[in-house]
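The chain below stands alone and is given as structure tokens, in the form predicted alone.
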């Protein structure tokens, strides 16, 4: 079964759907026309370029080229996490990169090598899209974890200082904010897993069904990717926050003002 193609005229009709939210936003007084147009154009151009690149990537299927592409994805995700979390890149870039690389690569290779078992573990058709889905969820979770942790510390700096004065170590003093940040970061993933199949059909499963796969095969792949997403986001968030502590405090365990991006 071959999925139906979307011809250029139908694609143009699809873009017309954007007029409805634009009109509604305009009626309630939100002037977001420029942002909407720019975001849609960027999405379209970026996905088109990625489509051409992935076609070539799948054709060549070279280990070093696949690894290079995943490396680029990790760097872009690293920068995006820190910008959206409001933290200075120069302080946390290496720690965040190490955490998301560990979480993403561990879960991806676990899934590909031990579960799916393709002929070549570096097969681009498996490793690139799976790594992309896992990394995308790691990105969102790490933004929440970092933002909640450091904003919580900043808001409750007096409480944190009190813990230190009472004899707590830095790690003991940050524990309440650390646990709250991890809980908030994993909340969407846990909620999504608990309602999956009842509230919505997830993207990977829907894509496979539209691509002609049997529903049960699509279900098994979706279960696999969700377990890997849960494992990778948990690992990445825990490691990321832990590593970030080394750069966020001065010698007296006081949170540095300069690590926060106030722009």
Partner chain sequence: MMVNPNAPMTQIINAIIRFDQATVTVYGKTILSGISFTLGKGEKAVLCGKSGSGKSTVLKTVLGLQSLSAGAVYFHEQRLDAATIQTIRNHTAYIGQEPVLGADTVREALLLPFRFKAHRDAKPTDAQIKAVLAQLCLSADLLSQESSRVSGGEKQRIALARGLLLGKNLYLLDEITSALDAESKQAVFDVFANPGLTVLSVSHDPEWIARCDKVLELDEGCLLQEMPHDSA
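Bear in mind the structure is a predicted one, so any value in this text is a computation, not a measurement. Numbering follows the first chain given and starts at 1.
Note that the form predicted in complex with the partner chain isn't included here; everything after this is about it.
Residues placing heavy atoms within 4.5 Å of the partner chain in the predicted complex fall in a single listed stretch, namely 157-165, out of 91-99, 157-165, 180-188, 136-144. Site annotation in the predicted complex: the residue of 245, 25, 18, 254 reaching within 4.5 Å of the partner chain with a heavy atom is 254. Remark: residue 250 counts among the residues lining the partner chain in the predicted complex, judged by a heavy atom distance of 4.5 Å or less.
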